[in-house]
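Listed next as structure tokens is one chain, alone, in the form predicted on its own.
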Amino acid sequence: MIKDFIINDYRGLKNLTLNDLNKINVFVGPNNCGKTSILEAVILSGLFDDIDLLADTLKSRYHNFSPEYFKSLFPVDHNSAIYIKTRLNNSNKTLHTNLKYDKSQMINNDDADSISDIYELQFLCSYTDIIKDDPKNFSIRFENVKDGLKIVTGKSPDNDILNLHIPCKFVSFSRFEGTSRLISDVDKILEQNLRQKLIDILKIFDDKIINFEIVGKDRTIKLFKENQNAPLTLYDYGNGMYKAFFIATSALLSKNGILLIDEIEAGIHNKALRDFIEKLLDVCSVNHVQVFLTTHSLETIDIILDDCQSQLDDISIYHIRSKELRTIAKKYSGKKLSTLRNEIGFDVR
């Protein structure tokens, strides 16, 4: 579990310190205060062996790639575009991550008149007292070619960044469409014999669901119900079921790792939201998953505080706001905020 997290400079986040992070961490605050950027920075920390997740996360913020986006993320010529400091709770050792952003150009071999812009993130990771004298290097290169965005990852020689092997899943529906990623994750669910656990979560939305399968050449997810011959797709149910399916799958695959969810309430009907959040946090607790989630919804906060009373000690809520050259995180324990909500109706948002 991540215990402390410091972000010196990433997008709008400046000198943000998050100390004594909990098992369930909820980030609230006004629009554009940096809530989503905190989730992205967790992935950028270098803790994870899955570089494809990191590349996908960076790409997913944009529906159409533009160099201007990268200029806003990683200003050129900065010695360190991002400096992230992470401490895990099973160790006093600290992971230091420095990111450098470079821009260059490449003449395409097949067309001498065609030039591709190349944007490369170079990561330098050092883990105090373990690889301090032998830092790990890896990079992600984005090539803006005529057919679209090409991503090339350069891994460290042993194909692992730090050999920590921490599972991590990131779910954000305001940013991107993740159908291909969902299908890949469902394959893993089936490989790990987690079918019934996923079905149990889906029953929150329809208690007659008895099974699901991936069918056809286009690999469509179909849901089977009691006393119904023709199966339904996720889209027959609507966006709420699709999102719940994605989040539940990610939670099950994050065992002994980290789950990041942006705007957990978006698209899920109020009638199902309460049972879904309660079940989700139970699954994460049983599977030792550390949760980072953002929300704009006071109802979501109340669900977490009121319906998860047995987990209040494991819950922390952070109100994020910008102040001059710093990003401030005001921390509330689950018990403290529950008292404030019940006694004076305090709105932490």
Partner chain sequence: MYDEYKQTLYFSCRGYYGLFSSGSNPRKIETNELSSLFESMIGKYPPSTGELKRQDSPTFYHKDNVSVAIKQTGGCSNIPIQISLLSEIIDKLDVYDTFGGFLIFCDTDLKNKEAIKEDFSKKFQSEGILFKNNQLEIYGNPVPCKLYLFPTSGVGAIEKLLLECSYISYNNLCQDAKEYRDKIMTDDYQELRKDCWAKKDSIQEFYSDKVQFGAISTVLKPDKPVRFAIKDKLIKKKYFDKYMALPEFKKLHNFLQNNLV
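Small disclaimer: the values here were computed from a predicted structure and weren't measured. Positions refer to the first chain, counted from 1.
Although it is not shown, the form predicted together with the partner chain is what the next lines describe.
Using a 4.5 Å heavy atom cutoff, none of 224, 226 and 237 lies near the partner chain in the predicted bound form. The single contact residue among 333, 339, 15, 19, judged by any heavy atom lying within 4.5 Å of the partner chain in the predicted bound form, is 339. Of the candidates 282, 50, 313, 302, 302 is the one whose heavy atoms come within 4.5 Å of the partner chain in the predicted bound form; the others do not. The partner chain in the predicted bound form is not approached by residue 6, whose heavy atoms all lie more than 4.5 angstroms from it.
Contact check for residue 348: a non-hydrogen atom falls within 4.5 Å of the partner chain in the predicted bound form. Heavy atoms of residue 321 reach within 4.5 Å of the partner chain in the predicted bound form, making it an interface residue.
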